[in-house]
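Two forms, one chain: they're shown below as structure tokens, one block per form, named structure 1 and structure 2.
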Structure 1
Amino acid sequence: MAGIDAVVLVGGQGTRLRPLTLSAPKPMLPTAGVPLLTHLISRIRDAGVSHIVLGTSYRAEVFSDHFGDGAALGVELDYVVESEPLGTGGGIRNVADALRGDTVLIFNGDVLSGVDLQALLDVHERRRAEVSLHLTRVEDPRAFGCVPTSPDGLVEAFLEKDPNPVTDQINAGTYVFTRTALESIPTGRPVSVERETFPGLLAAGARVAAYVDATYWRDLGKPSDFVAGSADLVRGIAPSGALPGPVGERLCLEGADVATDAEVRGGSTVGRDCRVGAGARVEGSVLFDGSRIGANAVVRRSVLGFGSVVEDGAVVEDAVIGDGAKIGSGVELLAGARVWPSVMLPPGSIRFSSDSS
């Protein structure tokens, strides 16, 4: 991996994960015990790449305050800040001055993936490509734009969402760029790689190669995927070299207090200084540091923000609870309900559902 840089794009505002992202960028949210970005940095490091550039924008200081120069993770980190949103293509072009080599691995910062990075680079070199893409196969590609390829492994087109997609291959958010291709992206304005950069390269006759596999892949942009991705990390389904404990049904961090008769499973994470009361049930959920779950409460497939409280007997399913929010006893939060920071829901037989906020 000598002479290869890595770039991680972490400039988005994470609006689909609000209210969690009001206080921290999405890649910095606790995911299986550490910031989501830590898992990706560990995979890049373990592949042999030591120089990583973070392309930041929203709450840029949070990244540098936490990671510093990267030495604690065994890498060298540089930071490039977008003064205004530039899109994926513009964000890639914006980091050019921080690069050192002629080959660049580029990652979307909100994706968990098991792609073999060395195999991706081998395809890039063997195809003599200007750009190479990791493509993954999905069961239902109708929700994505799809990417058909030729028999010799070159990308043929980038197609928008279609009710009758021609392939199950989609863009998985990991790329290899030559420096020349990267510097061909226009500067000073927003650019979409899928709508402008990649189609423009194809139209110009550039070689755009594809590496297609069926390894683990999940975009953590939505609350349901964020929760599922964290659980997959805890259970060892998603790869990471940064888990702060052994894989299993649950991960309990320092100072967590779980009652002996409480049930915590399904890849749940119980953060630092959390409390889980007697008879409580927690399944496939993420409890940020300092949160509290009362006796006989139920929390399934949900995220509890820092210092939030679920009182005795409350039910929280498929929900997002903001920092410091309090869910009273007897309250039921179901089907995508979201509670914003510091909101207090009083005790009672109240049911919130259907993506209420």
Structure 2
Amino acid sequence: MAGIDAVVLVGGQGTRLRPLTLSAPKPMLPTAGVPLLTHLISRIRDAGVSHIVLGTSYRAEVFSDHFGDGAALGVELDYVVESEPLGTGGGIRNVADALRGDTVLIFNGDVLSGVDLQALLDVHERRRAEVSLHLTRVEDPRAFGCVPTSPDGLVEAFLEKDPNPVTDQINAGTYVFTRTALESIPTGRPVSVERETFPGLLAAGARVAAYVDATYWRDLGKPSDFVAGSADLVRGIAPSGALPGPVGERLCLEGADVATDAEVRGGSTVGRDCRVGAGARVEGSVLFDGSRIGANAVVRRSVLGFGSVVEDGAVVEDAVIGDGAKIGSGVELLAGARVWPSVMLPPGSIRFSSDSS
């Protein structure tokens, strides 16, 4: 891994995870007790890459305030800030001056994966490729970059978010670029690596290699995947070198107070200083620091923002609750409900199943 830099794209606005991403960018949201990005940084470090450049834009200061120079994680971190978002390709091009070597590993910042980075680099070298892509197979490829390959493992096309995908093989969001390929991306304007750079390279006859595997993989960009990914980390299904506790049915952080007869399972995280009341049931959920769940309340597959409150007997399922919001006793929040920060839903037997801002 000598001479290889890593670049992580973390400049997106995390729209699909609003309102959680109003206070922090998506890669900084806590998953299994640490920012999502910490899991990725630890995997990059454990693969032997120590120089990591973060391509930031939206709320850039949140990253540097938390990670500083990276020493606490045993890496050397550099930050390159886009004052206007340059898109994924523009973001890659924009870090050129911060790179030290001629081969670059590039990561989307919202993916949990078990990909063998050395194996991806080996394919890149063996194929003498200009760019190599990590691919995985998913049930529904429509939300991803669809990537058909030839029998000898070269990429034939790149079709971003195609409504009629020709294969279930998708872009898993980890790439190897030669410096020359990276510098071929135009500067000074937004560029989509998926819609412009990859199709352009292929049209120009560039060698783009594929590395397909079947290890753990999940994009945490939408609420259902965010809770599932966090639960997979807690249960040890998703690999990470940064878990703050032993794997198991639940992870309770410092100062968390869970009533003895409360049931917390399914890979739930109970954040710092959270309280879970008597008889409450919490399943596959993420409780950010300082949130509280009352007696006999039920929380399933949901995210509770910082300092939010679910009062006695309320039911919260497949929902996202903003920081400091309060769900009154008896309220039922079901599939797809999102509560904006600091909103108070008064007690009562009311059911919400769409946006309730």
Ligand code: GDD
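For the two forms, the rigid core is made up of the largest set of C-alpha atoms that agree within 1.5 Å on superposition. Structure 1's sequence is the ruler for residue numbers, which start at 1. The shown structure was predicted, so the numbers you read here are calculated from the model rather than taken from an experiment.
In this pair, structure 2 matches the form predicted together with this ligand, whereas the other structure does not.
Core-superposed comparison between structure 1 and structure 2: the CA of Gly145 exceeds or equals a 2 Å shift.
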